[in-house]
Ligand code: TRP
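Below you will find one chain, with nothing else, as structure tokens; this is the form predicted on its own, and questions on how it binds or moves follow later.
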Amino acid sequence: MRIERFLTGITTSGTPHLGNYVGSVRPSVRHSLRTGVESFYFLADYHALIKVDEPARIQRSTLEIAASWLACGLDPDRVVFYRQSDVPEIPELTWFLSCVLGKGVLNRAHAYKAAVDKNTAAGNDPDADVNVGLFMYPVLMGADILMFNAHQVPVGRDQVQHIEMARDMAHSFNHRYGEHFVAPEAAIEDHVATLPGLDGRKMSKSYDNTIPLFTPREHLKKLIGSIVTDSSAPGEPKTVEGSALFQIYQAFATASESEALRQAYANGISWADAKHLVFERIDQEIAPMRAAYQALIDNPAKIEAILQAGAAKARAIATPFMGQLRHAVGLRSLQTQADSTAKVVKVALPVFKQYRESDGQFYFKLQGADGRLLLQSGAFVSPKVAGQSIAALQADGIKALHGSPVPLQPGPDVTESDIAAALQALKTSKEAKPV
């Protein structure tokens, strides 16, 4: 029975806020309590270097995020909890993956494209102020995931593209050097809240509109009181649509509590009373953890010891695995030369790639051995149904093309004969493998 591996990380670029808590820390701690799952949690300090050039800020953020996870209930004995920079195999794997991934893939990465578009609109050189770290960010993220062969990676919809890139890296490396990586899946939790900040925009350090997670009670009250609301007077009905205050409350309240506040809005609750209600509900959840957080912040040596122990657990996996990968690509002791004189001839095969788009629907495509798009599916409502369609194509060949529950579109200049040949090649390869 396969043990599922779950991996998540937080970039050490600032102080954790309520948005980080409801969107990442709280759900990931809940994940850590599941049985039959091997979980990896890391502090992404290499990623922080891409956009932060203040050493003290990165160090402080590492301390604060580690303390936040631990104070919120993450048990380092149950999981592998480590600092990214304590695992040197990760940057080495980044280089390996960069040598099998096409530059054109990185050209299409959202963050890089956004930077290029911004420069182009301003009339600047497209790559002005774009560092190589930003361009290579998806490869480092791929190394984070593939280093531990994670099956599930929780991400927001804006990060799904990076998981698809990690899958491409895994397939490309496996195609060249044999089966070493599993293709990860994006775990998108639509019910996990994305909190608005003080000004109604997404809570983000970039907008300076955050509410620090473990800020003192009185400061939390002051910040909640500063959340932007409309000009509705006490007694006037208020709408919850677009209300940042209500959205923040929902992330902490039960369904019945949220419904009660919704009714209070309709009955004309004053903004002052609504803000007090929101403040008390948030503090009810955060207050019991605040003392534990402060005790950890005041004892950085304890956190450092926990991270070093986590790094040892991580490297117990990463070091031998990296040894296998080094051997696979040819970085070997010269004493093994006599054993590797026989050249292995590998036959390229077509491949199915299943993925999820930003619309929440599931798709797959069939690529030829030369990378050409042979078949593109329409939208499926679930990955299971998409997988069943792939299985039907693999089992029944071209006959399943017209029996699919959603349209299957041949690629440019592709005939049904091309698709049939690719499906037959896959079937023949599968049948030829020893049982």
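Because the structure is predicted, anything quoted here is derived from the model rather than measured. Numbering starts at 1 and follows the sequence shown.
The form predicted in complex with this ligand exists for this protein as well; it is not shown, and the discussion that follows is about that form.
- Here the chain stands by itself, but in the predicted complex one stretch of 173 to 181, 118 to 126, 140 to 148, 231 to 239, 140 to 148, has heavy atoms within 4.5 Å of this ligand.
- Shown without its partner, this chain lists Ser270, Gln159, Thr215, Ser258 as candidates; in the predicted complex, only Gln159 has a non-hydrogen atom within 4.5 angstroms of this ligand.
- In summary, among the residues Ala44, Leu374, Leu408, Ile50, the only one with a non-hydrogen atom within 4.5 Å of this ligand in the predicted complex is Ala44.
- Among heavy atoms of Ala251, none comes within 4.5 Å of this ligand in the predicted complex.
- Although the partner is absent here, Gly14 is not a contact residue: none of its heavy atoms lies within 4.5 angstroms of this ligand in the predicted complex.
- Among residues of the shown chain, Gly19 is not one whose heavy atoms approach this ligand to within 4.5 Å in the predicted complex.
- This ligand in the predicted complex is not approached by Gly23, whose heavy atoms all lie more than 4.5 angstroms from it.
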